[in-house]
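Okay, so here's just one chain, in structure tokens, the form predicted alone.
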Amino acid sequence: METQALKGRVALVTGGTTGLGFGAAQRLIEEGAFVYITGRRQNVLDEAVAKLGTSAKGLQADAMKKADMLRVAEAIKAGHGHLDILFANAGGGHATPLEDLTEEQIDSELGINVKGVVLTVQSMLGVLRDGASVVLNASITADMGLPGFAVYAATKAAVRSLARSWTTDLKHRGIRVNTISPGVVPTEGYGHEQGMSDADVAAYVDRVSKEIPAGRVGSARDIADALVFLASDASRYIRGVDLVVDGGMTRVYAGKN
């Protein structure tokens, strides 16, 4: 008989309306958790909750605003009294050559990917249970030196550093903090953030799949399965790690055929 690894637990996924965040929320619910998701656009938030069903609740919030995240914490406290799992997923960025970077883009990527993560975790400290699991969404770009992604990659390297520091900051409460670094996972963001057409994405997927030992790009479920592991008791002795979920792309040379 199949058991649910997260039965009865309460989770929060920031940026949970689309892409990796939505996939994470779906997977957590499958494993028995009640999931709160946040998003900045109320209409998109409502649509996501309608798809997720009765084990989800949407809370409109901007992760870069402390008042918003404190309001989220209060709603969770009123609804369930505590939080067992926090997936700080909200983030974004796009490729821009160094010479074309603007102050606005720098501020935006540092804001959502670093400030937003800090404010999210800080705001949830009062509702996180002792022994809770905190997972931050990082990226393989932090290791790769990809052209045009310098600021984005730097923000994701910062996220990994935050996880290590918070592991020691929160050890007295037994709260585990880890990161997930997704590889190539095509989502809606490839269109609205990277400006790629469907044809662009298909061509990119075809090319890069040949360079991945797994032979394919990743899916939102691949990342969500890793999240379930880090959120569950199966990872109870794991702290401060970065779990790379990229099909071996950055760890093993697959060759180009």
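Don't overthink the numbering: it's just position in the shown sequence, from 1. All of these numbers come straight from a predicted model, not from anything done at the bench.
We do not show the form predicted in complex with a small molecule, though everything after this point is about it.
- Comparing 25-33, 40-48, 228-236, 207-215 against the small molecule in the model of the complex, the single stretch with non-hydrogen atoms within 4.5 angstroms of it is 40-48.
- Out of the listed residues 151, 72, 162, 112, 112 is the one that sits within 4.5 Å of the small molecule in the model of the complex by at least one heavy atom.
- Heavy atoms of residue 184 reach within 4.5 Å of the small molecule in the model of the complex, making it an interface residue.
- Proximity of residue 63 to the small molecule in the model of the complex: non-hydrogen atoms within 4.5 Å are present.
- Proximity of residue 133 to the small molecule in the model of the complex falls outside the 4.5 Å heavy atom cutoff.
- Taking the partner from elsewhere, residue 178 is found to have every heavy atom lying beyond 4.5 Å of the small molecule in the model of the complex.
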